[in-house]
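One chain follows as structure tokens, the form predicted alone.
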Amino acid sequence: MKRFELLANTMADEIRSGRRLVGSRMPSLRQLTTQHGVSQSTVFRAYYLLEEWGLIRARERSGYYVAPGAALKQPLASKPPPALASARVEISDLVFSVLEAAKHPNVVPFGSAFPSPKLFPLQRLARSLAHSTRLISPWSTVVDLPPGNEQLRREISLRYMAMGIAQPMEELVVTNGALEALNLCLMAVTRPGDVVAIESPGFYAALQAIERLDLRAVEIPVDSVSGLDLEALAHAFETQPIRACWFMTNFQNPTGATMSQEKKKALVELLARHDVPLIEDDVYGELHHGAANPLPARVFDQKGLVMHCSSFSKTLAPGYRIGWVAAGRFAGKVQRLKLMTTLSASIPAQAGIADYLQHGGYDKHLRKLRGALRNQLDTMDAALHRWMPADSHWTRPSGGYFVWVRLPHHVDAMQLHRLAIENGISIAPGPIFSAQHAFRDHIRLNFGHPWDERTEQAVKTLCSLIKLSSQ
């Protein structure tokens, strides 16, 4: 059982026993963090759990109070174990059932993992592909085998240089999208049965990779504002034989949280002390809504432990399936695994993207894309404020294209998912983002598609379904 669950159960016992009276104010965040030696995110999650159990209620600008009748509720059947525990992962069936339901073109794609292809310069990219294909040498079928097309890797290396990262081309391996990069990294540093630290909530593909490779997962809490709970990670290192970490430090999926630069530096230092590699999933890093992109944790790496993974699928070329990893000390092993599994990423697609990066105006396109996403976030946020029940909450991320929504009491995300599909709307329910199928009171919404009357109506319908489900 996680620490927030331990804390929640401790306070639940106090409420049920009558030691905390109905209507009395619960301790402040500062009191609990000091008293129990935990982070604010741990306290928040404990309070959310107590709300879910119906033991406390939030009052705006006032804090949390013991709910009427709370002392009459029955205690939990068993006490949780005292420490974080790793567990086997069984998530794929749930994920596939959710994704399959969202594939129909007539469904409003709030549950999609992708932005709209209408946001990308596909015609200009096609010209780069056609031009570069005419110039491809027959020898490229050999020369462009892993680590990949030299010109493409040079262009990627230049983009790292612009961030202040001296990234040797020799450590770059081109892959079939970021997902393959992430999987190859995981294969390079683990064996079946090993323990991997992942985020909670976290990207469901990480859970699927762990399941497929017969690994075990230990979930580290993510706060929707500040990101990964480093205190929980440090505790996990002391109690679990963690062999690797898989985290998103920028615009985390699904919460949208971004870790501060200070926190990223502390994360890399913690990993270095334990000599544990980080698989850094940074596919949304260039989709910032502000003036400058947040740097990845890779910038603080001095030991080659951070394997920085990204792709062009979310920023330029959906369907081309071109990603990469700056694999540090593990570059040779990742390159060999690439050769042993899928041999090579598409040679024409590599050449086409390399040509576009050199001549097509990629940064101009990115500025336009960021502006579109920022406007679509504003529109979705306004729509949610118009239609959502008052006791629901959602994030406003500073990048990416996901909003993480906490539903009102008694609304089950999986049931809501089924109702939404029946009404032509897809959502991503919270349980697909957890090895324990947790977050049943959360959903992820995608605002990466141009807004129109149909989208507006879908938000209104979804909010109506939420209101009906909460009654």
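Each residue number is its position in the shown sequence, starting from 1. Since the structure is predicted, the reported quantities are computational estimates derived from the model, not experimental observations.
Here the subject shifts to the form predicted together with another copy of the chain, a form of this protein not shown in this document.
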property: Candidate spot Ser39, Gly290 and Phe300, all three touching another copy of the chain in the predicted complex (heavy atom, 4.5 Å); result: no
property: Proximity to another copy of the chain in the predicted complex (heavy atom, within 4.5 Å), stretch among 112-120, 359-367, 391-399, 158-166; result: 112-120
property: Exercise: Thr342 in contact with another copy of the chain in the predicted complex, heavy atom 4.5 Å; result: yes
property: Partner contact for Asp282 in the predicted complex: another copy of the chain, 4.5 angstroms, heavy atom; result: no
property: Exercise: Pro241 in contact with another copy of the chain in the predicted complex, heavy atom 4.5 Å; result: no
property: 4.5 Å heavy atom contact, Ala382 to another copy of the chain in the predicted complex; result: no
property: Sole residue of Ala236, Leu179, Leu271, Leu377 within 4.5 Å of another copy of the chain in the predicted complex, by heavy atom; result: Leu179
property: Listed residue that, although another copy of the chain is not shown, lies within 4.5 Å of it in the predicted complex (heavy atoms), from Ser226, Gln151, Gln261, Ser346; result: Ser346
property: Partner contacts for 115-138, taking another copy of the chain in the predicted complex and a 4.5 Å heavy atom cut-off; result: Ser116, Pro117, Lys118, Leu122, Gln123, Ala126, Leu129, Ala130, Thr133, Arg134, Pro138
